[in-house]
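Before any questions on binding or motion, here is one chain by itself as structure tokens, the form predicted alone.
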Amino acid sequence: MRLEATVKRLKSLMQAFDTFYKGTADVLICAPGRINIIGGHTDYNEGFVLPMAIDLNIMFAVRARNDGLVDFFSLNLHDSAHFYLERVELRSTPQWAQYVQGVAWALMRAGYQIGGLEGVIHSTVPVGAGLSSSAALEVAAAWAWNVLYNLHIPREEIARIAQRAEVEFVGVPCGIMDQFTVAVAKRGHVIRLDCRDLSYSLHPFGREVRFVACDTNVRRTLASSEYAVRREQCNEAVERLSSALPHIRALRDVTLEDLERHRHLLSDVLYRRARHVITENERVLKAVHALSRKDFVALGRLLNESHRSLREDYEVSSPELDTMWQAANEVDGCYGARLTGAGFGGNVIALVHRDALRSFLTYVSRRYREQTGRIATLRPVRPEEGVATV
């Protein structure tokens, strides 16, 4: 059924390209969304994360142009955007299209010679849900230029370019986890990533369990949210702690013992922010060990600990996320759950034994509706390949 749906989607995309641009696309790009299994808000603190790409994705049917024009159409939004490469300016296109503009800007700033392109985009990654729709679009665009203009950019560099587009052009101070995952992921595996030096390892994900992305259908706008405030608070905590710990450059370098010993240097808010990051880094490393042993009980316990820390110390949860998290944990066969992404809305991910999947979907949907009056969207997801040419 998945294969049939994919083939139907591909045909629709190619037909749409022919309708808008009269001809056949040169290449078809597929870039996945992602979930972060554990490691919430540790990436921009130079810490550890454990993400995986998922089988929700952006597809981009694209063809090169020789006039420097970049023109593309979103089938989801029924909206078009265009700009010329010699005039890449923020706010000259709709907000969603600025991620593509940002990639063009970042590629040119890095010295790559790129030309125009035209294409049609379709996405199954929900926007604002914490599943990295922006990173999928950025990496898809970077990969399109990479392939069309034979740039031979390594995947790790694709991730850096995409992150630079979001941070320096769009203005969202994100870490590199999302773009890196979309660029380098391997099907059937999760990624243990060190966000300081970008060293990583791949770990197989067992077939006995599935992750379910439980969408609260409450959205947040990341660029204007508390996300930037949390990042500033982490930086301030490092600055204050460095008076006693001159060797540190990020919360990654601070132990829990260090934090407790020098707690007097921090306000209560800064202390709790730092405590989350420090303990979350420890949870990531423990989660990798639990996954290697297929100890899903231990992994689920770490997910629940992470959610509590994100709720109480980092304060990025919401009533809807907490309700979803509680409902997930009420189901036999669910090992644990946590909010994913930046928080404030979006998804809870739940680790569920495959035999309990049907009962989980039924119960959590009903329970969430009873508690909030909202309709949830529950999506079982699989670990998928990174960006590729189809």
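Note that residue numbering follows the sequence shown and begins at 1. For clarity, every value in this text was computed on a predicted model and none was experimentally measured.
One more form of this protein should be noted, the form predicted in complex with a small molecule, which is absent from this view; the next part is about it.
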Partner-proximal stretch of 322-330, 356-364, 52-60, 340-348 relative to the small molecule in the predicted complex, 4.5 angstroms, heavy atom: 340-348
Exercise: residue 40 in contact with the small molecule in the predicted complex, heavy atom 4.5 Å: yes
4.5 angstroms heavy atom contact with the small molecule in the predicted complex for residue 177: yes
Partner contact for residue 44 in the predicted complex: the small molecule, 4.5 angstroms, heavy atom: yes
Contact flag, residue 271 vs the small molecule in the predicted complex, heavy atom cut 4.5 Å: no
Listed residue that, although the small molecule is not shown, lies within 4.5 Å of it in the predicted complex (heavy atoms), from 169, 227, 73, 211: 227
